[in-house]
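Shown here is one chain on its own, the form predicted alone, set out as structure tokens.
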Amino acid sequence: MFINSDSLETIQHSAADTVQAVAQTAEHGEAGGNLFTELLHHLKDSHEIEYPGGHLELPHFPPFEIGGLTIDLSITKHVLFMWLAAAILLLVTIKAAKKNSKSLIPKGIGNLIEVFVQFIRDEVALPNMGKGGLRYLPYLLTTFFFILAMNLLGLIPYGASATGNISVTLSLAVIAFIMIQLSAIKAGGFGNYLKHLTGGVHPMLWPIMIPIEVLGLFTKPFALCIRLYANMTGGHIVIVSMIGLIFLFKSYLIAPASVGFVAAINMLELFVAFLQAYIFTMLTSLFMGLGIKAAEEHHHH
């Protein structure tokens, strides 16, 4: 490609302007408290809790090693908000259970909790797992309400989206993986559970079929992990992008449109908080139901 002297001079001036702009941005960013870092405070895990006018340091413990693996048990912001979600879940559900036990007609918070319980039972557990799946209803309800509580805490000012942390969603997916395998083993026995890994094909094809089936066991919880993490992270990134347009164009004229889009996305995030809790629970029950049915079919055969 041929570049003449005028084009080369233009490129040099553009590069110089870009470097100068980056330097000015960094300078103003340091003076302004690193704007985009503050906008992403919902997603960033840290050892401090921000509040208007300052921050609170969380307890920090020195890491230790076990078998060459470094483990840090320090309390972070996401850990704190997971504990807060669990505490809120316990208080609300215990209060609702006490109210419902004293009245034949649920009212207030008891009625609200019962609506969700009946929905998970009638629209998630029974269609996907049958009547035998009702024994796993407490696990499904705990999963739904815990994820919902963490999602909603990420929408409040100075809150944190624990489900926007890949470690949190991975832990939830590992628990789901264990429950999927245990439900299948309990339904048909360990022997029939191993038989379904062969896919019912001729033994000559087992070296091909068994690795594929084993891989399929791990892709399901992996999909649960990435889906929840990506959806809860994406909304915050879009909000930061909309606000960043104001500083990109360096004009107050773009502010009303950006603020309007941010308000609309926040309302959408409220819907997504409920939707993602439902999808994670529904897919978990679906995978458990598939394992139960496969194990029962091998048992009957």
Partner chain sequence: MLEINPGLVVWTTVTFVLLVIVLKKFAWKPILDALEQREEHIRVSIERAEHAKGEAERLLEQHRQQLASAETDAQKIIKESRELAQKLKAEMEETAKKQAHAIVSQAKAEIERDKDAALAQLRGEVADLAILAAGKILNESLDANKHRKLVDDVLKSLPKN
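Numbering follows the first chain given and starts at 1. This is a predicted model, so every value here is computed, not measured.
We do not show the form predicted in complex with the partner chain, though everything after this point is about it.
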field: Non-hydrogen atom within 4.5 angstroms of the partner chain in the predicted bound form for each of Tyr193, Leu197 and Tyr278
entry: no
- line: Within 4.5 Å of the partner chain in the predicted bound form, heavy atom basis, the matching stretch of 137-145, 185-193, 152-160, 208-216 is 137-145
- request: Report yes if any heavy atom of Ser251 sits within 4.5 Å of a heavy atom of the partner chain in the predicted bound form; otherwise report no.
  value: no
query: Is there a heavy atom of Leu224 lying 4.5 Å or less from a heavy atom of the partner chain in the predicted bound form?
result: no
task: Spell out, yes or no, whether the shortest heavy atom distance between Leu90 and the partner chain in the predicted bound form is within 4.5 Å.
output: yes
- request: May I ask you to check whether Ile94 falls inside a 4.5 Å heavy atom distance of the partner chain in the predicted bound form?
  value: yes
- request: Counting only non-hydrogen atoms and a 4.5 Å cut-off, give the residues of 155-177 close to the partner chain in the predicted bound form.
  value: Asn165, Ile166, Ser167, Val168, Leu170, Ser171, Leu172, Ile175
